[in-house]
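The form predicted on its own is given below as one chain in structure tokens.
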């Protein structure tokens, strides 16, 4: 367990800013205490400083995890956001997409969202902008990347892909052995 280097911090914050923009400050400076990002076994953890101090007394070999795993840092220095970060990022999302009930299951199986399954989309969402996907009952389902801007979605064909699938809550079942 160690603090992130400057390059690693830049990678993590760039990825998070695609989804929550300037609200990254709200993740770090929370009213319930100070939080930070730590690297342990190529995984980035979001952890309170109180828990981090307690975890320092455990050896690195015996420490399995601490806090919430936000993602994985690959060998080629890319950061992949994990589904476990959804609960922390969903309240601060700049751009949101709501999926119709008929398309929820398709998205949860790992498929892209078509225009025919699009319920609503926030205004001014740009092309290739990170979005958080919600059900029509405002339950966060996962992350994606907008394939079309809000304006392009209005005039798109019903079978056009409007959101590229990145991560969904169905991965808790599909990848349960590799999430930690």
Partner chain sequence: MASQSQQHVVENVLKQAELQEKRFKTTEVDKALDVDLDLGNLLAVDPNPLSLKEFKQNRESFLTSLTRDNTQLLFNEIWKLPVERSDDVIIAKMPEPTTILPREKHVPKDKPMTRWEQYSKVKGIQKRKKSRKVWDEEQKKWVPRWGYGSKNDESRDWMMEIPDNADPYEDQFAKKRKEKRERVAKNEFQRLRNVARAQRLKIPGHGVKPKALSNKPEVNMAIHAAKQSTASIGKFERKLPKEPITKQMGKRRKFDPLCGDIKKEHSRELAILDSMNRKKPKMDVTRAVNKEIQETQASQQADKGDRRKGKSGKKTKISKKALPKTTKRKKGGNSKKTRRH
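Positions refer to the first chain, counted from 1. Nothing here was measured: the structure is a model prediction, and the numbers come from that model.
There is also a form predicted together with its partner chain; it is not shown, and the following applies to it.
- Although the partner is absent here, residue 98 lies within 4.5 Å of its partner chain in the predicted bound form, judged by heavy atoms.
- Within this chain, residue 149 lines the site of its partner chain in the predicted bound form, having a heavy atom no more than 4.5 Å away.
- Though the partner is left out of this view, residue 122 does reach within 4.5 Å of its partner chain in the predicted bound form, counting heavy atoms only.
- Using a 4.5 angstroms threshold between heavy atoms, residue 118 counts as touching its partner chain in the predicted bound form.
- The putative spot formed by 1, 9 and 153 is fully lined by its partner chain in the predicted bound form; each residue has a non-hydrogen atom within 4.5 angstroms of it.
- Taking its partner chain as positioned in the predicted bound form, the residues of 35-74 that bring a heavy atom within 4.5 Å of it are, in sequence order, 35, 36, 37, 38, 49, 52, 53, 56.
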